[in-house]
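Here you'll find one protein chain in two forms, each presented separately as structure tokens under the names structure 1 and structure 2.
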Structure 1
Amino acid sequence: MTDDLREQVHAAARRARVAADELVLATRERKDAALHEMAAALRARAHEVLEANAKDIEAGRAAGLAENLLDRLALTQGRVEGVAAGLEVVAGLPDPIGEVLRGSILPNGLELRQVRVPMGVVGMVYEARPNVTVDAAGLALKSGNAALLRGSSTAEHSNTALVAILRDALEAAGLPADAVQLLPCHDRASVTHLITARGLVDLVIPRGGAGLINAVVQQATVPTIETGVGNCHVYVDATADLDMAERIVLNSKTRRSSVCNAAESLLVHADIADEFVPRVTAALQKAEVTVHGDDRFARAEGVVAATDDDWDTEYLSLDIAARVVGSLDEAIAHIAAHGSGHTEAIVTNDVRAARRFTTRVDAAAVVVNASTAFTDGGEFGMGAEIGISTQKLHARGPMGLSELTSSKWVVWGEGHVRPSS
């Protein structure tokens, strides 16, 4: 059985390679036409998607899926329209492929260019939300990659319907249907086969909780990009404007507490603790946030005493860990020990503190006097996002189209040979 599954995944990867070899020749015009075709097909066949989604919802409810997971799983006419419109946005973005990154004529006359090329075959492993299926397929196509999609079994009917529509649209647009394929989703082993298909798959991007991402990183022999684990901090420095600090803390924590750029920890400089701790605690509690505080914070009513685990917890809920630190460097050290390298913010009016924080804190995004919630491909002007990388290799922070590409050196000569040295 497992060997069959392995062969199924590998066969899909081989078909994807054939498709990728065609995509490398596809012009932007053809790719954009296919994206518009996909959007139109999703709109025209929305009823198929909604019927399939209803089956997933029913099965999820029967299996006792939590209400917030059911909500993430649910599609509506409006959400289908949203993903279709998303494909049209991607069609409007510049094509990353062919961009010349560096180029020169060498002293010996060789013409040298480094150009962006597709990665090739890209795997995505993700959880509940079926809209990721369409987003990932669209971004992969625009960047010239064939996509192997391994979604959640809870979204199986929805994903199957969506991928069937996308594949029909690709064929109608004259591109290979195998540029988008759905992998079997019932057995965890299909993930293992995907991330060990070295040579067949060029990149795997896991999107999901820390458990999924760690499992992928431990087992993978295919290159992977870690995404989306965010233990983000807001540090309020001694010279902070306290009105500004309160706004930023609240926005960072409560704008959407379930996403990776939400703040999970608050650090406050001791010099302003007497004034700011009671004030921010009251404001957070008013916004229904549970504060897990150190001794200083725990003096206030309703504050839960923080345990060591709290500093490392990505709550993804209306909870925040909070402590007082003696100095900027203590805040930086706390972040180095507990942060996940996603987004770290300082609120300060001291230029030297801001510069030290942005230089020393090692994270995908470091923010001065603004909310952590801005770390997002859309906000950063990328037009679309396939995830937020928290690793340092290849891509760091929001990943748009260009982060799905590799590069190639193209060298033109006139019979040049290299002298012995």
Structure 2
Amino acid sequence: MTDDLREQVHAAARRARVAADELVLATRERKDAALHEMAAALRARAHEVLEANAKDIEAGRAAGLAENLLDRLALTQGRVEGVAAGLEVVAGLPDPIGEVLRGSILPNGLELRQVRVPMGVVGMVYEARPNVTVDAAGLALKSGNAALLRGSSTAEHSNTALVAILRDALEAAGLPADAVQLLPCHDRASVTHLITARGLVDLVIPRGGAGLINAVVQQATVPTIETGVGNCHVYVDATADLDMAERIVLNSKTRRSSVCNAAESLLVHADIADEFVPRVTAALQKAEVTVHGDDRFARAEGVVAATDDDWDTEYLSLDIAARVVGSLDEAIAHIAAHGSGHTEAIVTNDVRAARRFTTRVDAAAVVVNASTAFTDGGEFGMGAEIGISTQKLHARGPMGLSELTSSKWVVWGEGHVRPSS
């Protein structure tokens, strides 16, 4: 069975390579037309997607899936419209392929250009969220890549319906259907076969919980971009506007608690703690958030005493860890010790504090006086995102079209030969 599954995954990768070779030659006009065709097909066949998603939701509830995971899994008419609109936004973005990154003419007359090129075959391993299926397919297509999608079994029906629609749309647009393929999801070995298919797959991007990401990063022999784990902090500084701070904390935590840009930790400067801690605790509790607090926060009724583990926890639920810090530098030190390098926010009216925070905090996104929820490819003008990279090599932060490209040097000569040394 394992050998059969390996061959199944590798055969899909070989088909993807053929498709990627064709996409290299596709003009922006053809790719954009295909993206619009995909968006139209999703709208026209939304009922198929919603019926399939209902089966996944029913199975998830029967299996005892947590409410935050069910929220990640759920599709609505509005969410289907959202991913379709995202494809149209991607179609409207400049094509990264062929962009000249730098160039020059050497003293000997050789012309040099470094240009963007597709990665080739990109594998995605992700959990629950079927919207990722569409986002990944659209971004891969526009950047000239073929996508191998390995979703979770919890979203099997949804992903199957979505990929069938996308493949039909690609064929209707005159592009290879194998530019988007769904891999088997019931055996974890399919992940292993994908992430070790060196030579067949050019890049793997895991998107999900810490367990999934760590497993892929540690086991992969294919180049991998680490994404997604978000122990994000909001730090409320001594000079913060408290009305603004409350709005930002609530939006960062409660807008959608199951996503990686949701705030998981709150830090409050000691100078404003007497006024702000009771206020923000009451506001969070009114929003049904459980506060896991230090001694200062734990004075309020209903606050759970925080443990050492709370400072490192990505809850993905209506929970937040909270503590009072004595200074900006103590807040920065706490973030350095417990943050995941995703998104960190400061609320302050002190420009010097903001500059120090943005300079010293090491994260993919550092936010001043705004919600952590804005760290998102769509909000950053990318149309969609393939994930949010928390590593430092090649790509960092929301990953859009350019992050799915590599580069090559194109050298033009006129019979140039290099002299003997």
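Between two forms, the rigid core is defined as the largest C-alpha subset superposing within 1.5 Å. Bear in mind that the values here come from a model prediction, so they are computed numbers and not experimental data. Reference numbering: structure 1, starting with residue 1.
Asker: Which number belongs to the form predicted in complex with a further copy of the same chain, 1 or 2?
Answerer: Structure 1 is the one predicted in complex with a further copy of the same chain.
Asker: For N214, state whether the C-alpha moves by 2 Å or more between structure 1 and structure 2 after rigid core superposition.
Answerer: No, shifts by less than 2 Å.
Asker: So that I can tell if R61 moves, could you say whether its C-alpha shifts by at least 2 Å between structure 1 and structure 2 after the core superposition?
Answerer: Shift of 2 Å or more: yes.
Asker: Could you check, with the core superposed, whether the Cα atom of E51 shifts 2 Å or more between structure 1 and structure 2?
Answerer: E51 C-alpha, core-superposed: shift of 2 Å or more.
Asker: Fit the two forms on their core, then tell me the C-alpha shift of L175 between structure 1 and structure 2 in angstrom.
Answerer: Between its two positions, the C-alpha of L175 lies 2.6 Å apart after core fitting.
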